[in-house]
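Only one chain comes next, encoded as structure tokens, the form predicted on its own.
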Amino acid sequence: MQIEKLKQAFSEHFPGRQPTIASSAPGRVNLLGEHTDYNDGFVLPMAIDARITLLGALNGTNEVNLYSLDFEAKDSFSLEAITQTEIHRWSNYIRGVCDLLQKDGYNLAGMDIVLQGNVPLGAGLSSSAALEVATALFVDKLNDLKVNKTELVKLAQRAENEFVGVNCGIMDQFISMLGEKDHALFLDCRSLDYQTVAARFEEAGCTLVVINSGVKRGLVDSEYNLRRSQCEEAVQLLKKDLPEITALRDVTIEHLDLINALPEALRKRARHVVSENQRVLDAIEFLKADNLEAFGELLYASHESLRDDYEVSCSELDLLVEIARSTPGTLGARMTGAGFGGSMIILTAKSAVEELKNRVMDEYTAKTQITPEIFTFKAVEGATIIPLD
């Protein structure tokens, strides 16, 4: 049991002390809605059964003392002057949350914390958001701040944007905090309105498989920024005919004739975002109707749009989708995340998972000389405080 392991580590690294609370937050996969978040659009993530857990207590000082079981490393910082560390970068997510809470006027006391997680690193499953959200909930509870969960989500995102320096959207922190068992989360990235949508994959005899392609996402920063600016440029040109719009979210598939009149690169980028937003809306209806075959077709369509219109896929991800498509029992597959590597998701019948794994290991490895990581995940609840008996 992870909690028992954390308790043992706490007594070893902070002898004579007793932990008082623990918190846990999950990683995520995004089912549909890729590159729509920064266009004020729609996303449909789900929380996965891989989590990061913190356990600890107040220590009566101004120091925060950390021990990570995963990195087998200690770190400490003063609440009076929180700065980034280059040595223990995992600590920056915790430092950032504490820094932003204090800047928002909350009083924090020193803490001793041990932490451990099983969210795969570098696979695009948002281990950073899980750590930020688990930290925000932990620090809030331990210091009796009583900040509501939506505000903690926003704060966790700001910690990554402003302190860590990564320009992420809000989806990852949102689903990590507010996910529900056997549900996806439909999030409007403009209003932050959200609703849970039953994703009865298990009941239907299906499993969500995630494959880390093993391709490092080298182009992602420069290309991500380019895609954002192209989307903004498309909005400015479309405003001549649609003066009310402020983001591609305001453009619908009814405006395809206007989109098709844009210069080629902008046309393709806008067409992806507009069609992807529609796919999210369609997906909700298919999930409500338990029509997983139609939902799976949307996954394939999303991948094709990301490959051809948004141009953020790569040959390895395309190969994985083709292997999945040609394996009996597969309902749908697509790349997930920013692109140029990273992971893909496959919705498949449980009975087909072993054959799919074997084919991926054989065919993908033979063609790429890369051994991929393969995971199966369920939709689980979001961040929670764990009682320590």
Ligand code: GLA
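The numbering used is simple: start at 1 and walk along the sequence shown. From a predicted model like this one, the values you see are computed outputs, not experimental measurements.
Although it is not shown, the form predicted together with ligand GLA is what the next lines describe.
From the list 37-45, 358-366, 323-331, 340-348, the contact stretch for ligand GLA in the model of the complex under a 4.5 Å heavy atom rule is 37-45. M171 is the sole member of L248, A199, M171, V153 with a non-hydrogen atom within 4.5 Å of ligand GLA in the model of the complex. This chain is displayed alone, yet in the model of the complex one of Y194, F286, W90, Y224 has a heavy atom within 4.5 Å of ligand GLA; that residue is Y224.
At least one heavy atom of G33 is located within 4.5 Å of ligand GLA in the model of the complex. For the stretch 70-91, the set of residues having any non-hydrogen atom within 4.5 angstroms of ligand GLA in the model of the complex is empty.
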